[in-house]
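Here we start with a single chain on its own, the form predicted alone, put down as structure tokens.
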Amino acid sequence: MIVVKEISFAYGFSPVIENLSFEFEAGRFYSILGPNGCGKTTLLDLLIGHLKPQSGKVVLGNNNILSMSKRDIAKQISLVSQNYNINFPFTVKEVVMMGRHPYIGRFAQPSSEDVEIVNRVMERTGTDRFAERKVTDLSGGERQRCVFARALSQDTPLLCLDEAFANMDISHTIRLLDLVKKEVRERNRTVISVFHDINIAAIWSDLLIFMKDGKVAASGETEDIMCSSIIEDVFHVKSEVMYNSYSGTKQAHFRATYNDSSSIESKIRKRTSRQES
């Protein structure tokens, strides 16, 4: 479990997180949603110890995360960020093996277990197909899958995803989300993911956390919290939320704001006319 206790954080004189408290339980998939600038990425950076809260604390297990060494944190938490840059021409396999560094001594070589874990993760993520290619030669989506595989090879109980699927096509997004959800169900891992796509989040998440102005505006089980009133309050847009039998969850439907009722009715009449003809 990772617990956030009354944390606050500001960049200069601009508050980003204000007196926020939350408990993340093991074996659940959490998604953080909210408008740009509401504090989603900052919250993740506080959770993993990259930032120090100005007040409050983040507790991982029984320890204040700021009292833990970077190596110990890396054995507990892995991160996939959308903005991770690799400028040196490592091979894909070398980058994925970097996820095993917390378990390898400073001058030691990877063990057979490390190699086995990396090979298994690369096969499951489909990165084994370009294992020997230079990471600098990859497309944006391929590079993101490489970074994702590196985080999975870290084999931590807590996985943080910061817009981790932004550069991927829908096929690889679904494949990796299914993989991660399986880890949550079968290995009791905790996943905390920042999403912009509400509907993608709703399909794979156990719980949704809506943030607004550095605070939790609403949170709860996906089927309970996915509703038009919360979406309008947080994002200031109207929507219609309905259960979708194909996805197996509630989905939000939007429409172009320039359409008034008369233009919508006109489109329906034109479509009906074409079908009849």
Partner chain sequence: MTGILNVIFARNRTSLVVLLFFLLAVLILLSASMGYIEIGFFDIFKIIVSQFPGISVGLDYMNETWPAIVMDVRLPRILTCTAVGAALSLSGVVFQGILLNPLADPYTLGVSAGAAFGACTAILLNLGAAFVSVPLFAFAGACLTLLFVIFLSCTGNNSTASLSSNNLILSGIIVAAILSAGISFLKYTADEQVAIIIFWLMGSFASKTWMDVMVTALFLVVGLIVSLVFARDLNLISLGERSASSLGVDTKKVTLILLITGSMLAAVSVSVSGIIGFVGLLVPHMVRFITGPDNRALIPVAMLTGALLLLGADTITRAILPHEIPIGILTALIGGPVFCWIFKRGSIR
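Model, not experiment: these values are computed from the prediction. Residue numbers count along the first chain shown, from 1.
Unshown form predicted in complex with the partner chain; subsequent notes refer to it.
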Options 118 to 126, 182 to 190, 74 to 82, 164 to 172; stretch whose heavy atom lies within 4.5 Å of the partner chain in the predicted bound form: 74 to 82
Although the partner isn't part of this model, could you tell me whether residue 90 comes within 4.5 Å of the partner chain in the predicted bound form, counting any heavy atom of the residue? yes
With the partner left out of view, is residue 230 within 4.5 angstroms of the partner chain in the predicted bound form by any non-hydrogen atom? no
Are any of the heavy atoms in residue 213 no more than 4.5 Å from a heavy atom of the partner chain in the predicted bound form? no
Considering non-hydrogen atoms and a 4.5 Å limit, does the partner chain approach residue 154 in the predicted bound form? yes
Only hit among 241, 59, 51, 218 for heavy atom within 4.5 Å of the partner chain in the predicted bound form is 51
Even though the chain is shown alone, can you say which residues of 86 to 105 have a heavy atom within 4.5 Å of the partner chain in the predicted bound form? 86, 87, 88, 89, 90, 94, 98, 99, 101, 102, 104, 105
